[in-house]
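To begin, one chain is listed below as structure tokens, in the form predicted alone.
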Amino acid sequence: MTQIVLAVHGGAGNLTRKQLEYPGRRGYERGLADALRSGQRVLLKGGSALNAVTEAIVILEDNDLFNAGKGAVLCADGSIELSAAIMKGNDRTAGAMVGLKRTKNPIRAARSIMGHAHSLLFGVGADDYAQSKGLDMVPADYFSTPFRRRQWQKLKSKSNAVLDHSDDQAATGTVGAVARDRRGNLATATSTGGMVNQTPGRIGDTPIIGAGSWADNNTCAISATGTGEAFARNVFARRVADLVEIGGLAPLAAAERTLDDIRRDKGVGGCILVDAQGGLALPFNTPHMFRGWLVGDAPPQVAILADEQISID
């Protein structure tokens, strides 16, 4: 049996230390810790990495502080479009959904299509498929919060679309989780509401397997967050895995090198990564990334700025 490992993220962005030093940040820290504990319970009982990342993401999707599920950002027309992807490392089976509007937990929808002849569904068809699998459906106004509506109104007047975590009122973006279970299997899951004031129908890197996420037991499991278009153009997650497997780089070095490519492509962001040996890496090229991790039965560790590590019992 191998040591269990779990990490989560809640987005990377450009908020300063001063902007992040406020009492409200404790809610984000607790949210990350709650997600970690949910996944940890699965892993300590001998459950799979796939189940662990699913349950961790559900906690973040249900927390309206994060840009995934309830609390997702609004598109330019005031609507909400949700995307998610999930992948397991033992056989590289994956599932993804784009443009969900009625499914309460997009990550469960992505999970439901794993092993199907189609691994990616969009829009009405994606919601209908999720409903056919018995997943919880909600009205559109379930996802929208007063804060998100105010945020949208502010940017709508500027005809501007930005990462949630780049707005001076917002702190987080895409959420993700990676895990290694007691059998040494890896898995990844990622969920997002996209960019604030994005054009309806936009697709970022999150639901594109190999761009926003990747899992392979021979290398690593990765979940990314940041400028989706740049991550997609660089096929970020698969490139990191290839640099580990083919290039012989250590996982952290592979991730940092690929983040350099993202920066050259005028993108910003970060990722969480667990490798086949249980090593963790959480690099980012922005002032902050909401992140948390744990090993075994230890309490969750969370951080936002680069020089932080906060233990939450």
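Residue indices: 1-based, along the sequence shown. Keep in mind that this is a model prediction, so the values were computed, not measured.
The form predicted together with a further copy of the same chain exists for this protein as well; it is not shown, and the discussion that follows is about that form.
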So, in the predicted bound form, is residue 71 in contact with a further copy of the same chain at a 4.5 angstroms heavy atom limit? no
Does residue 198 make contact with a further copy of the same chain in the predicted bound form, using a 4.5 Å heavy atom cut-off? yes
Please tell me whether any heavy atom belonging to residue 184 falls inside 4.5 Å of a heavy atom of a further copy of the same chain, as the geometry stands in the predicted bound form. no
Can any non-hydrogen atom of residue 78 be found within 4.5 angstroms of a further copy of the same chain in the predicted bound form? no
Contacting member of 151, 234, 90, 144, with respect to a further copy of the same chain in the predicted bound form [4.5 Å, heavy atom]: 234
Given a 4.5 Å cut-off on heavy atoms, tell me which of 27-35, 277-285, 53-61, 240-248 is the interface stretch with a further copy of the same chain in the predicted bound form. 240-248
Could you run down 201-218 and flag each residue that has a heavy atom within 4.5 Å of a further copy of the same chain in the predicted bound form? 201, 202, 203, 208, 209, 210, 214
